[in-house]
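This document starts with one chain, in the form predicted alone, laid out as C-alpha cells.
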C-alpha cells in the first residue's frame, strides 16, 4: 500500500447515537486510536452524526482538510449510508469514497462488555480505514421509467391504488383473477367501527374504476409472466374465457334464466356456499363489470357436448360464445403494485370446533353473507336447519395466536367479532357470548367501539374455547355446548347455544409462492410478502419498482389497507414523475477478455441479470437487473466477474484490517 502514502487523506467520525453506541463503546478511545492509523488526518466524534451539524462537520473538513476519503462509524448502512454518501457528495467528493462502519447493530447492541465492545469497534474501524484506501470514484447510472402502472388484485387495496394513480393522470392496468373486482370487502355487510354500509363505500369506487378513462380493467385474468426490470417491465396477461363477449353483453341476465338447469345447484363462491348458482351466473348483483360468466366445470356443454345451448339462443345480442379461447395481452409498464389479498383461515383445521360436522357452526365470512341484505337469506339470520338462533357464541382467534396453527395475531378478528355481535343481536335479539383470549382494539375509535358493544349487553368470556359438541339434553340435537375456561373466575364453563360463529384469522393465499416467483419478491416464513424495511420502506420490495399493498403483505383492516395502497401508489408516482431511477453501482461486471463463455453464471443469478451473448461467446450482465449479491463473482471459474465496491483489493485489505496482519500482500503474491 506504499503507493498511496502521501496521497490518501482520510477523515474518520464516530457517532454516539445518543447512548445507543456511546453507552457501550468508549467513543473517545476509538477516536484516539483511529487518529494513529495511516492516512487518517481527521478523527472526531459527535452525538448525532446523521443530524445537520454532523453532516456539516464532514463537509467542512472535506473542504478545509482536503479529505479524499471518509469513514463514519454509526448505525446500519441500510439506515444511513445514503445520508452520509449525500453529505460527502455535497462537499464535492465522489460519494463512493465513503465507507460506513456498523458499530450499533453489530456491536453496541449485541454486547454487554464495554471494554470488549470498544476493542471490537477499533477492529471494525481499522478494517474500514484500510479498505477505503482502495475505493474508486464510481458513478451512478440511470434507467428511464415507463409511465404506465400494473396493479395486480382488484380488492379495496388494488382499487384505491388504481384510482390514486389514474387520478394523477397515469395509465393503469388493473388485473383481477376473479370475474369481478371488489375482493372480500364486497362480501361484508358493514364495516367497523362506524358501521358504515360496506357496499355504499365500495361500489362507487368499483364503478369509478370501470369508468375511469385512465384505467384498463381486466377481470377474470391472470399475470402469466413478468420480464425486465424497474422502469421497463414486460408483462403478459392471460384473459381467461368468460364465454361471453364483453362488448356485447349488457348484463340483462336472460342467459341465466334460459339455462337448462331450471334451479341453481352449484356452490356459490360469493355466498360461501350458503346458496347455489347455475353454470352461467353473475357473481353478485353489484358486480363490476356487469358481465355474466359461464363456468366450464359445471356447464353441460363443456362436460358432455350435448346441451341444447339455450343460453346462446336466448341472447338477442349474440354475446354468448361457447367457443371463446383465452386471450393474451402484452403490456409494458414501469412499476407494479401487488395487492393480491388474503384468504380466511380454514376453520376445518381446528377439528374440535366442529366446522363442517355440525351444521350450525359458521365462519365469520359466512355470517357476513347471512346478515347482508343482498345475501342468500336477504339479511335474515336463518340457520341451515331453518331456525333462527336465540343464543350465539362467537369464538375469537380461530387459527390465530396458536402454535398449532398460526402464531400471528390477525389484527381484525376482535373488531369484526364485535361488529358481528352487534349485527347478530340487532337481527335476532339473541344472547351473544364472545369467547376471547384478549380483546385487541388498536386504532382510532376502536376501543370506543368495544365499550359500546359491552354496553349493548354482549357477554364477554375471557378464555380459549376447548371444545364444541352437541347438547345431549336437547332432544332434537340442534343445540351445541361451548366448553371453555373462564380465566377471570378460574372455572370451566359450558354454555349451550344455538349457533357458533368462528372468527377465523387471515392467512396468505395458496398461490403466494407462485406470485412470489412471478414477481421475484420474497415471502416470510408465514407466507406473506416481505417489505424492504418494516419502518422505512413498508410498501417497497427488494425488487425495485414492485410495491405491496393490503393484506398480501400482512393482516390489516380496511383503513390500514387503504392507507398502504395510497402509499404504494405514491411510491410508484415518485418513480414515474422523476422519469428515471438511479442504480446502485455495486453491480457485477465481466472482464470480457478473461471470460471463457462457460455459462456457469447464467443459471445461478437469482435476478436473471446475466445472459449469454452468442455473437461474442461471452456472458453479459444487465446492470439494471443486478442487485450486487455477488453470487456470480464467487462462482465464476475463471475469475472474470468482478463487483464494484467489492473488488479483491478492497476485500483483502478489509480482512487485513480485521486480522491486523498483511494478508493482502500474501494473497496477491499467491
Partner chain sequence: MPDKPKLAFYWCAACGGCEESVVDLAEDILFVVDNVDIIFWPVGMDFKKSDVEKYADGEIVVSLINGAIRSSEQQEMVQLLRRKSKVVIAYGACAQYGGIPGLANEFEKEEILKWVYEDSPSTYNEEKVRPLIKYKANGSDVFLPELWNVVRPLNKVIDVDYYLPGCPPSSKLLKEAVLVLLSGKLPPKGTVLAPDIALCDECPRKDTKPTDLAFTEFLRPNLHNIDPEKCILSQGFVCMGPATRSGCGALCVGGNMPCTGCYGPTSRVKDQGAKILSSICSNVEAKTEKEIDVVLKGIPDPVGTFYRYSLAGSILRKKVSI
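Only the largest set of C-alpha atoms that superpose within 1.5 Å between the two forms is called the rigid core. Numbering follows the first chain given and starts at 1. The structure displayed is predicted, hence computed values, not measured ones.
If you look for the form predicted in complex with its partner chain, you will not find it shown, but the lines that follow are about it.
Find the only residue in 579, 251, 597, 443 having a heavy atom within 4.5 Å of its partner chain in the model of the complex.
Of the listed residues, the single hit is 597.
Could you spot which one of 28, 51, 635, 620 gets a heavy atom to within 4.5 Å of its partner chain in the model of the complex?
Among 28, 51, 635, 620, a heavy atom within 4.5 Å of its partner chain in the model of the complex occurs only for 635.
I'd like to check something about residue 640: if you look in the model of the complex, is any of its heavy atoms closer than or equal to 4.5 Å to a heavy atom of its partner chain?
Yes, contact at 4.5 Å.
Does any heavy atom of residue 593 come within 4.5 Å of a heavy atom of its partner chain in the model of the complex?
Result yes; residue 593 sits at the interface with its partner chain in the model of the complex.
Just checking whether residue 35 would be counted as a contact of its partner chain in the model of the complex - the rule being heavy atoms within 4.5 angstroms.
Taking the distances in the model of the complex, the answer for residue 35 is no, it never comes within 4.5 Å of its partner chain.
Residue 41 within 4.5 Å of its partner chain in the model of the complex, heavy atoms
Heavy-atom contact with its partner chain at 4.5 Å: absent for residue 41.
So which bits of 306 to 342 sit within 4.5 Å of its partner chain in the model of the complex, heavy atoms only?
Residues within 4.5 Å: none.
If you line up the core, does residue 590 shift 2 angstroms or more at its C-alpha between the shown form and the other one?
The answer is yes, as the C-alpha of residue 590 shifts between the shown form and the other one by 2 Å or more after core alignment.
Once everything's superposed on the core, is residue 68 shifted 2 Å or more at the Cα between the shown form and the other one?
For residue 68, whose C-alpha is compared between the shown form and the other one after core superposition, the shift is less than 2 Å.
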